[in-house]
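Before any questions on binding or motion, here is one chain by itself as C-alpha cells, the form predicted alone.
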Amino acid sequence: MNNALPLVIAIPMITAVISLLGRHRPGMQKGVGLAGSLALLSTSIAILAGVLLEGILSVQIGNWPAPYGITLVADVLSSLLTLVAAVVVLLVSIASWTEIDPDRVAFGYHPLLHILTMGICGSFLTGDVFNLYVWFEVMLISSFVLLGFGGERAQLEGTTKYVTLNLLSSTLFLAGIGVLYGTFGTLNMADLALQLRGPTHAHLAETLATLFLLAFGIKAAVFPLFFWLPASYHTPPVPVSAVFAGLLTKVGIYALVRFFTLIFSGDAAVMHRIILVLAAFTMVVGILGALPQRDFRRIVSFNLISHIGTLLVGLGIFTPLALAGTVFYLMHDIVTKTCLFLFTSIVQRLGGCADIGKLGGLYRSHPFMALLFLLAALSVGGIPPLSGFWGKLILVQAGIAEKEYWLVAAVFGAGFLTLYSMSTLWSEVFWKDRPEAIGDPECECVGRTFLPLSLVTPIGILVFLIVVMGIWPSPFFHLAELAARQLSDPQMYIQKILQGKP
C-alpha cells in the first residue's frame, strides 16, 4: 500500500496533461476529468483503508533513505484530507460542465483544476518542508490563473490582492526554510522534530514558529491578514470559488496543525496561547464582517473566515479531544463551504444576480433547492443534529475541560452570529417576496428556471454528506479521534519515517 502514495500525485498530473492535449475538445476534457477524479477518489479510499489497517504509511522516492530523500507519508489526518479533497474535486469537476463557459475551457480550465489538485494532494502527503513549499507553489500558481480567468476588472483586482498577500506568505515560508536548513542541515519533518527537541534551540524554535505561523496564517486567512479572501473569492466563476473555499484555506490549516504538533511540539505554551487569541479574533471579526454584506458570495466568504478561527481553537487548546474536534470540524467545513459556494450558481440562475436585496421567493418556485440550502445553512450555524453541531460541541467540551471559558464564550458568540447570518440569507433569498413582485422598479435581475443536473447533483451529494455526518457522527468522530491520537504522539510519525534512527 505504500507504493500507492505517489499515485495520488501522479493521477491528477496525468489527468491534467491528457486534458491539455484535448484543449479544443471540451467533451474529451470532461470525460478525462471525470475519469481522473474517480481514479483519485478510489486511490484515496485505498490509502485511508491501508492507514487504518497497517498504521502510518510512507515511501522514499528513489529509495534514498530518510532524511536525505523525498518522503511521502500518510497518517490518518493526511489520508483523510486527501480523500475529502478527492470528493470535492470530483463534485466541482462535474459542476464545471455547465458552470464554466467554453472560452475558459479552451484556455485550460480543466488542466489547471487538476494541477491545483496535484498541489493540494502533494501538500497533504509530503514529509519534507521544502517539498511542502514546492507543492504550495504548484497549488498557488494554478490558483492565480484560475482566479484571473476572464480578465474582468473585479477579477483582476481580486487576483492582485490574492497574489500580493500569498507572495508575502511564500517569502516568509522560504525564509523559514532557509533558517531551518542553515541551522540543522535537513528539511525532513521527522528529523527536524528530533533536532528541535530540548532547550538548546528553544529561542530559535520560538522565532521559527512565529515565522511559520505568519506564513501559514496568511494562506489560511487568519486574523488580521484575511482581507484578501473576501476581496477575491467572489470574483471568479462559482466552481473556482467553491474549490478555493473548500480546500485552499484548509491546506494552510493543515500546515499549521502539522508543524505545531510535530516540528514545534515541545514547550510551545506561548505559541498555543497566541493561536487561541488569533482563533477568537478570527471567529468574531470574520462573522461581524459578514453581517453588513449584501452579496451572496461575500457573505459566505466572511463566514468562511470565521470558521477558520473555529478550526484553530483545537490547535490552540492542544489536547487530544480538542485536536479531534478540529479534525471533525475540518471535514464538516470543507463539505459545507463547497456546498454553499456552489449554491451561488443556483441563486444566480434562479434570481439572475447575487445581491440578496434583489432576490426572494425561491422557496415557492424551487422548494427542494430551498430545503437543501436550509440544511447546509443550519449546519453552518451549528444546529443539531447536523454536522456543524458535533464539531463545535467537541471543541466546547475541550475548552471547558481546560477552563478556557472566554474562548467557549467566543465560540458561542460567533456561532450565534453565524446562525443569524445564515437566517438572513434564507429569509432574503428564499423566503421573502421578490422585490419586483411587490412593485420594486429598481430590481433588474432576470433569472432562469432551468437547473442542470450537473449542478444539482453535486449539491445534493454534499448536503447528503452533511446530514449523514450529523445523524451518524460516530464513524467520523472515530476517524478524528485516531487522527488526534497520532498528532498528540508524534513519536509514531518520527519512528515510521526514520525507521528507528535516533
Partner chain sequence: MTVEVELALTVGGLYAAGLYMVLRRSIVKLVIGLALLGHAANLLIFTMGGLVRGQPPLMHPWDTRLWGRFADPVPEALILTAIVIGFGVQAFAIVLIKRIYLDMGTEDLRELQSTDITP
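Since the model is a prediction, treat every value here as computed from it, not as a measurement. Numbering follows the first chain given and starts at 1.
Keep in mind that the form predicted together with its partner chain is not shown, yet the notes after this line are about it.
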Work out which of the listed stretches, 273 to 281, 359 to 367, 292 to 300, 81 to 89, brings a heavy atom within 4.5 angstroms of its partner chain in the predicted complex.
292 to 300
Classify Glu137 as contacting or not contacting its partner chain in the predicted complex by the rule of any non-hydrogen atom within 4.5 angstroms, answering yes or no.
yes
Would Thr183 sit within 4.5 Å of its partner chain in the predicted complex, counting heavy atoms only?
yes
Quick check on Thr160: any heavy atom within 4.5 Å of its partner chain in the predicted complex?
yes
Under a 4.5 Å heavy atom criterion, is Tyr133 part of the interface with its partner chain in the predicted complex?
yes
Look at the candidate spot formed by Val145, Leu174 and His234 and say whether its partner chain comes within 4.5 Å of a heavy atom in all three of them in the predicted complex.
yes
Though its partner chain is not shown, can you say which of Leu419, Val105, Ile141, Val285 has a heavy atom within 4.5 Å of it in the predicted complex?
Ile141
Selected contact from Leu194, Leu168, Leu321, Leu225, since only one has a non-hydrogen atom within 4.5 angstroms of its partner chain in the predicted complex
Leu168
